[in-house]
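Let's start with one chain on its own, the form predicted alone, as structure tokens.
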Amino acid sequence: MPTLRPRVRAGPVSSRSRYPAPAGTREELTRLRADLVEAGYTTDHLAELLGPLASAALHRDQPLAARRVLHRSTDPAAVLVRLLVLGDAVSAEELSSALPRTGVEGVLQLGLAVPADPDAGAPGLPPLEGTCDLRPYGDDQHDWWVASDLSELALGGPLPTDHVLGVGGASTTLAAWSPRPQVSRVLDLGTGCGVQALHASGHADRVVATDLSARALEFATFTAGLNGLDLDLRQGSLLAPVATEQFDLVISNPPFVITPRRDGVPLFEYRDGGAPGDTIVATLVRDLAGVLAPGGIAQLLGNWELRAGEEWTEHVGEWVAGTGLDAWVIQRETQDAAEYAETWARDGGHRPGTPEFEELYAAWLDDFAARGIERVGFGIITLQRPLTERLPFCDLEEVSGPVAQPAGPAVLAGLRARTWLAEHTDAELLAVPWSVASDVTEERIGRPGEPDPMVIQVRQGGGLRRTVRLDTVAAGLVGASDGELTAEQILGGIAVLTEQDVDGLRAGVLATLRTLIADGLLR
């Protein structure tokens, strides 16, 4: 059994990465792909290999439990995790056995590893250590591999400023929330190592992926080639590389992190676009209309900074006003200025309690205080270029609780429903025989012994898991909506039974009816 050698770096990490990004020919990548398949280097197999305890610990950036499992295993995938995820050294014999087609020389040629101790006096090839992170990734229909820089866990210290992030929380959030209609052209703006482009390749004829970072595009090129994909990769800032083109879908995890503009604060390329405050996201929202085809959708993540007394709906509403685009923005969470500072001072690998962390923490607090920023919101921004000549809709709401995953189907259905509502009058809406969605339940809450409930509400089991409170008229309308009678016919019946004016009932229920349709409780 090889000696356990976790990677430790003494002293400060260079501002630039130590190793170049990996690269290979089509033939070399084909051999490597065959080796990874044969080794069982997939997300499902690794979950089985590690077990729930070690998997959960590794997800929390605690590698000890995983190392204990992996160093007892003879599974080829265990060797690959140690080398390409944990950054541990492995023997040449182990690597040759795990990747027989590629071999040690092939791994060195691809730039995936280097000799761990080239000056060692022992005979034979020295142990090897990984130069980048290469791990399995997938969804319900695909198994992929994603290449990126070694993680903070493997590096054992602060990240270089040109670091190319792998599969992280923001990328998985965007992938889960992105609508996936079958389209002709997709733009992955700010592709990084290429995660969103992988997903887009499953439902688009052509994928264009851009990034300002040349290093990120090198990793995205390797990721695409290893997965046998033909992506159109371009370097440039934001929309500049595609300024004269149009797309059916734009997906973006932009460098949205709000960063102090002062000396001593590292500017990580993967998270910092170089503009002050939330300017990057605001600019992108305002400019996207130029690259969206009619009916095209844009889905992006974003932060927005808020001053004392400022409503997030007003702040973000100003971004979308005048763009001519439909907008559906969901705020998922907010952090106060100190929470946000702690998150991003720690993100680059600086540990609380160290002088470096305290200096960065203070820089964020000083910046927010100087500009009067009290809170920062985070959310999902969905935009659409209307197909018809009409007023665009703008729906800004907060959804902070858990939602069904992936949320992309609910986003697409909600966008379609909101579009239908924007294109139809109240009279047309009332003329439809709506039916209650199969995942909707009704709750009635009241005091014991009282004949009438104090609260009536309907709850959505799937989608965004919305809960809508109803008055008695709306409850009656929903209860009778079985796809046979139109909403107008049901309201007419309620008016007769309750001896009320149907015009008044109609006026009182329309707003609730539109909410139920928009969120998919009525279909």
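All residue numbers refer to positions in the sequence shown, first residue = 1. The structure presented is a predicted model; accordingly, all values stated were derived computationally and were not measured.
Just so it is clear, the following notes concern the form predicted together with a small molecule, a form of the same protein that is not shown.
Original post:
Just one stretch in 309-317, 266-274, 385-393, 404-412 has heavy atoms within 4.5 Å of the small molecule in the predicted complex, so which one is it?
Top reply: Comparing against the small molecule in the predicted complex, the contact stretch is 266-274.
Original post:
Any chance 467, 478 and 519 all have a heavy atom within 4.5 Å of the small molecule in the predicted complex?
Top reply: None of them does, since no heavy atom lies within 4.5 Å of the partner.
Subject >> Position in contact with the small molecule when the complex is considered in the predicted complex, options 430, 212, 104, 183, heavy atoms within 4.5 Å >> reply: By the 4.5 Å heavy-atom cutoff, the listed residue in contact is 212.
Original post:
Which one of 237, 400, 246, 435 is close to the small molecule in the predicted complex, taking close to mean a heavy atom within 4.5 Å?
Top reply: It is 237.
Original post:
Any chance residue 84 has a heavy atom within 4.5 Å of the small molecule in the predicted complex?
Top reply: No, residue 84 sits far enough from the small molecule in the predicted complex that none of its heavy atoms falls within 4.5 Å.
Original post:
Applying a 4.5 Å heavy atom distance criterion, does residue 95 contact the small molecule in the predicted complex?
Top reply: Because no heavy atom of residue 95 falls inside 4.5 Å of the small molecule in the predicted complex, the answer is no.
**OP:** Give a yes/no on whether residue 253 approaches the small molecule to within 4.5 Å in the predicted complex, heavy atoms considered.
**Re:** So residue 253 counts as contacting the small molecule.
**OP:** Indicate whether the small molecule has at least one heavy atom within 4.5 Å of a heavy atom of residue 216 in the predicted complex.
**Re:** So residue 216 counts as contacting the small molecule.
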